[in-house]
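Taking the form predicted alone, here's one chain by itself in C-alpha cells.
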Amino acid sequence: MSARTLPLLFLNLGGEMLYILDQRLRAQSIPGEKARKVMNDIITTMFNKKFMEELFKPQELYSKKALRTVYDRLAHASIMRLNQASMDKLYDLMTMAFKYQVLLCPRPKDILLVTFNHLDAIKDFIRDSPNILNQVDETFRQLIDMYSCLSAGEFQLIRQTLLIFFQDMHIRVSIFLKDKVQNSNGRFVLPISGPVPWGTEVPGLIRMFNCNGDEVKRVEFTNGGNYISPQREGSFDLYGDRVLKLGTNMYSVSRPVETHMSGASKSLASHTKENAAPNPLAKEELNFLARLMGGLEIKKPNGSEPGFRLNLFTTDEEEEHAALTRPEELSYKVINIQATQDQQQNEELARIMGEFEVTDQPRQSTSKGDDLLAMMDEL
C-alpha cells in the first residue's frame, strides 16, 4: 500500500463531485449568482491551505465511510443542501467515475494527468476569482513537487492501492451503460483499441536476441486489437496539453445520469455489515478525520443568504424511492463523532466538535489512551 495515494484520491473524487454539482445546478436552473457562490465556496474549502497540508502528509488510506464524511462536509460548505439519498448518489457517481479512470489509465503515471485534468477544469469554474485560482495553483505545485520524481514502480503501487480501495464497488451508471463501457453487473469493459502507453510499441512483433545482444530473429503475431502509437506524451507542467482525456468533464453536455445497485453489489450487502463492528483502526481513522476537518473552514449561510436544496434525481419522488430501496448496509450515513469527557485534552478537537451535532450521552472511557475520540457510531 502506498502512503502517497490519499491526495490523488481526494482531489480526483473532489473534481468529479464538482462536475456533478455544476451539472445539477444548471439542470435545476439555480440562478447564476447562487450557483457561482456554491462552487466558489466548495472549491475554497476544498483547497484550504491547512487542509492541503494535512492531506499531503504521507499516510495510509482509510475506510470509504471516513472519506465520505469529508465529502459530506465539503458538499455542505455553502448555502446548498443535499439529503441522504442525493448524497449517496453523488458519492456513487464520484467513485465509479474515478474507478473507471484509474482502470483505463494507459500507464500508472498517467493517474497524475487525470488529476491535472480535474484541476484544469476546476480552475475553469473559478476563472473570475483570482484568490481561489491561487489556492488551486498552489496545490498544482505541491502535486508536481511530490509526484514528478516518483519511479514507475511507485506509481504502480499507487494505482494498485486505488484499485484495492475501489475493488468491491460495482454501481451501474447510466452514462457508462449507454456508452457500452460498463456491463450490466457493474464491471467496466476494458478497450482493445486506441493508443498504447507512451514509450511502448504497438504489440505484434517478437524480437529474439543471442547471448551477445544481437537480434537474430523476428516473429510477427496478430495482437487481436486495433492499437495505434501515441502522438505525444501529455504535459505534466502547470499549464499544457494533457493529451489524455480521462478526468475531463463528462457532464459538460447535459445528459440524465442514473445509478443502480448491481446484483453483485446487493449480494455484498450482507458482508458489509462487518463495517459496523468495532475495528482496531477506528481510533486512527477518527484521529485522521479530526486532523483533516481541523483544516476545513465551513461557511454557514446567514440570514441574507437563504439556503436551497439540490436534488440529484429528476424528481423528488425518485429521490424518495431511492432512499427507501437502497440497502441500509450500502448507505454511507454521516459519521457522528462524540468527544471524550475530557475535551481539554485537545483544543483543536474541541473546536472541530463545534461543527458537529453532539448528543449529550454520558460515556465512560474504556481506556485512558482514547486521546481524541471515544467512539464512532456505526463504523
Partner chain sequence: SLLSTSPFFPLLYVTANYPMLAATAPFPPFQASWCVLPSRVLLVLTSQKGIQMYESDGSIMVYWHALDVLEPPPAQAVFARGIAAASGRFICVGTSSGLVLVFDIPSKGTNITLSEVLQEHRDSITDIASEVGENPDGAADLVTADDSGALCVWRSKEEFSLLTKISAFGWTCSSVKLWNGVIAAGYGNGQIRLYEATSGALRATVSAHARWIYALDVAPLTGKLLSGAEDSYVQIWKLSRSPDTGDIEIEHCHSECVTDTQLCGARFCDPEGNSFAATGYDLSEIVRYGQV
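All of these numbers come straight from a predicted model, not from anything done at the bench. Positions refer to the first chain, counted from 1.
Beyond what is shown, the protein has a form predicted together with the partner chain; the following relates to that form.
Looking at 118 to 126, 100 to 108, 76 to 84, 235 to 243, the stretch with residues near the partner chain in the predicted bound form, meaning non-hydrogen atoms within 4.5 angstroms, turns out to be 100 to 108. Proximity to the partner chain in the predicted bound form holds for none of Met52, Tyr91 and Leu112, with the criterion being a heavy atom within 4.5 Å.
Although the partner is absent here, Ile164 lies within 4.5 Å of the partner chain in the predicted bound form, judged by heavy atoms. Using a 4.5 Å cutoff between non-hydrogen atoms, Pro58 counts as a contact of the partner chain in the predicted bound form. Of the heavy atoms in Cys149, none are within 4.5 Å of the partner chain in the predicted bound form. Looking at Ile144, you'd find every heavy atom of it more than 4.5 angstroms from the partner chain in the predicted bound form. Contact annotation for 208 to 225: residues with any non-hydrogen atom within 4.5 angstroms of the partner chain in the predicted bound form are Met208, Phe209, Asn210, Cys211, Val216, Lys217, Phe221, Thr222, Asn223, Gly224, Gly225, listed in sequence order.
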